[in-house]
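A lone chain, given as structure tokens: the form predicted alone.
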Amino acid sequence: MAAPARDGWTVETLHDDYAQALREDRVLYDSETDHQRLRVFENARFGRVLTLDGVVQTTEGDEFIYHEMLSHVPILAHGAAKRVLIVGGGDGGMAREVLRHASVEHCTMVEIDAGVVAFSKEYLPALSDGAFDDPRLDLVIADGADFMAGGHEPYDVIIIDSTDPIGPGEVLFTDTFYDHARKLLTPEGILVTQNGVPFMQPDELRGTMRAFRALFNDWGCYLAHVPSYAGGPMALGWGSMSGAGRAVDPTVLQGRYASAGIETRYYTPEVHKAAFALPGYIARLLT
């Protein structure tokens, strides 16, 4: 939870022995829904900042890093993804990046809180950038775990754009949830997940990797450096029954990226391959 703003600053105390502070130049939105407290404020460095229950979720300044790496890596690794499922992502940033791929024919986005979608359209429109109006997007307001447990057509890529495992997001980190996700993948399908900052949240990554080890033939994580998620690089989980996606040749990856015709600010095919090279302290969490 965040401490009250003091002298125009808000302090996020997600971790017991570490905090980060962001100056609030102007508060644009502050409201509590049935599920969580939503706030949007402006900061000179990061632009508009969204917090849920006091924890930074996304900022206009650096959101492209997270959204590009959690979408383009699995889609381009797969090479022929037509059906994509996003769990979470109510701000629309993930849908925006997924739908930049003309090859994606259908994208389902499951968001538990309609309030997040409504206020993101009004206060963070740059994040979705028209994605909510794309006819390929099917927005479902429902609990992600309940949706995953139901019967649906399989997906080529599943993206878990969740909050941290606190409150409503906790169920999205369970073995049962990951097993349901695995069963919704096509044979060459890829599941990617948000797994926090390993230096500050080692148990979050360790728990997911323990589940992935039991469920997937090819499993692990890759990294992205998102400044507003302080404390080191963020880990993004990777699970697939096929090892083809992670083993894709760099030349093939370059060709897929060029053919997609998208412009990215963080993602490149070179960064894609390098992101799977893990520092020792993170690699040890996978053992």
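Heads up: residue numbers just count along the shown sequence, starting at 1. Remember, predicted model here, so these are calculated numbers, not experimental data.
Another form, the form predicted together with a small molecule, is not on view; read the next lines as being about it.
Contact with the small molecule in the model of the complex, defined as any heavy atom within 4.5 Å, is confined among 150-158, 99-107, 209-217, 193-201 to 193-201. Annotated contacts: Leu14, His67 and Met234 all touch the small molecule in the model of the complex [non-hydrogen atom within 4.5 angstroms]. For the residues Leu253, Val56, Leu223, Val40, the 4.5 Å heavy atom test against the small molecule in the model of the complex is passed only by Val56. Mapping the unseen interface onto this chain, Trp238 falls outside it, with no heavy atom inside 4.5 Å of the small molecule in the model of the complex. Residue contact check for Ser162: one or more of its heavy atoms lie within 4.5 Å of the small molecule in the model of the complex.
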